[in-house]
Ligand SMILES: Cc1cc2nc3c(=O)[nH]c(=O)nc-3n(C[C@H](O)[C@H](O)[C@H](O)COP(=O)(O)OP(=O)(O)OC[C@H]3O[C@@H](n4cnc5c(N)ncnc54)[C@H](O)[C@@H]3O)c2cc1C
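Okay, here we've got a single chain as C-alpha cells, the form predicted alone, with questions on binding and movement later.
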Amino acid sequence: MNPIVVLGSGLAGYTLVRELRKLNGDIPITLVTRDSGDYYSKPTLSNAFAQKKEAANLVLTSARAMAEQQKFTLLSNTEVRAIRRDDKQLDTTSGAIEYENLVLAIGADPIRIPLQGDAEVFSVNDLSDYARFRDKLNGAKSVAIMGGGLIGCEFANDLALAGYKVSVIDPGPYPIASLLPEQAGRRLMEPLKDLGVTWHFGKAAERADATGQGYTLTLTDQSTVSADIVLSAVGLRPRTQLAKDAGLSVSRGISVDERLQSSDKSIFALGDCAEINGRTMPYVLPIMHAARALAKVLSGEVAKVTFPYMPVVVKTPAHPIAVLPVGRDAAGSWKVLEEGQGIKMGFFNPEGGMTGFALTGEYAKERSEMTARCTA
C-alpha cells in the first residue's frame, strides 16, 4: 500500500511533496496527475502574452525531473474515476492504486456562464489552455473578456500590452469589485483605458454569434461588442465531484478542518479544491502555508494550519494593486489614507484597528508596511 498518494501536480500538490521531503526523505509518495505533470507557475498564465512566451517556455521543471529530484512515483496522464474508500483504493486509467493517506490537490474548473450563439469561448486555467489560446491569438486583433475580476483584469493588461484591442464585460460596477472598495477599484480603469481597454460594466454577455472571422457579443442591455476571440474569466469553481461521489463532506469546496483532514480521516484536501473551516482561499500564500502544515500532519506531527495576514498582489503593471481583503460581512468601514498616483485605503473595525487595506499605483509597494500595521 502506498503510504501517501497525492492527486494533482499544481502548486498545491508539488509544494506538499517538497515539504514532505524536507521532513522525511524516505516515505514513499505517489503523485497522480491527469496531465503531463510538468511544473510551472500558474500565476504566469495571465501575464505571459506581452512577454511573448510560448507554453513550453513557462515550464520550470519537467515532470520527470521533479520525480527524480523529490523521489516520488509519477503517474502522469492518468484519470481518477473513483475513490473506493472502503478499500482505500483509487480506480484510475492506470489501474488500481492503494493508499494509506490520500491528498486531493485537484484544483478548480473555470465557471461556465450560459451564452447563446455559436461562439468558441476560451478559458485559461492550465498550460494546455494557454497553448490553445495563444495559438488562436495568431492573426487576431481583438479580444472580449467576460469578467472584470482579478484574473480578467490581469489578462486585459497583458493582452493590451501585447497590442490587442481588449473589451472587458462585467455585471459589477467597477474592476475587481469582489476584493476592492470602489475608490480603489475605479483607479484601475483609466490606466488600462489608456492601453486600449474598453470597459462595459453593469452588463453581461447574453450571446455571441460568429461574424466572419470573429464574433459579435450581444450584452444584456442589447448593446454589442465585436471581437476576434472570446475569453471567459468569470472565476473558478473548486473541483468537488470526485469527493462528492465518494461520500465526502462537500460545500463550496471539499470540506476540511485545520489539519486539512476531510470527513474521512485518511483523506485530505489542499489548494483550490479545498474549503478550510468554511473558507476557500485560492491564492499562492494560503496554499503554501496549508501545504507546510499538511506535510507535518502526514509526517505524524501534531500540527494545524494558521494563516497570517496575506495580501493579494494583482499583476496589472499599468496600475499595480495590493489588497488585504476583508469579508463581505466584516464589521467596520474603508477609509482613504492617502491619494496621489494611486490610492491608499485601510479597513478599520469598530475598535479602530486596521484589518484590511487596498493599495494602488504608487502605494502598492507599501504592502509589507501595511501588513505589519494590521498585525500590530
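Keep in mind that what you see is a predicted model, and the values were worked out from it rather than measured. In this text, residue numbers run from 1 along the sequence as written.
The protein also exists as the form predicted in complex with this ligand; that form is not presented, and the subsequent description refers to it.
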Closest heavy atom of Phe155 to this ligand in the predicted complex, within 4.5 Å or not? yes
Should Thr316 be counted as a contact of this ligand in the predicted complex, where contact means heavy atoms within 4.5 Å? no
Distance check, Glu190 to this ligand in the predicted complex, heavy atom within 4.5 Å: no
Using 4.5 Å between non-hydrogen atoms, is Glu339 touching this ligand in the predicted complex? no
Within 4.5 Å, heavy atoms only, which of Asn101, Asn125, Gln183, Thr216 is in contact with this ligand in the predicted complex? Asn125
Does every residue of Gly202, Val323 and Ser333 put a non-hydrogen atom within 4.5 angstroms of this ligand in the predicted complex? no
Name the stretch, out of 171-179, 219-227, 158-166, 104-112, where some heavy atom lies within 4.5 Å of this ligand in the predicted complex. 104-112
Note that this ligand is not shown here; using its position in the predicted complex, name the residues of 243-269 with a heavy atom within 4.5 Å of it, in sequence order. none
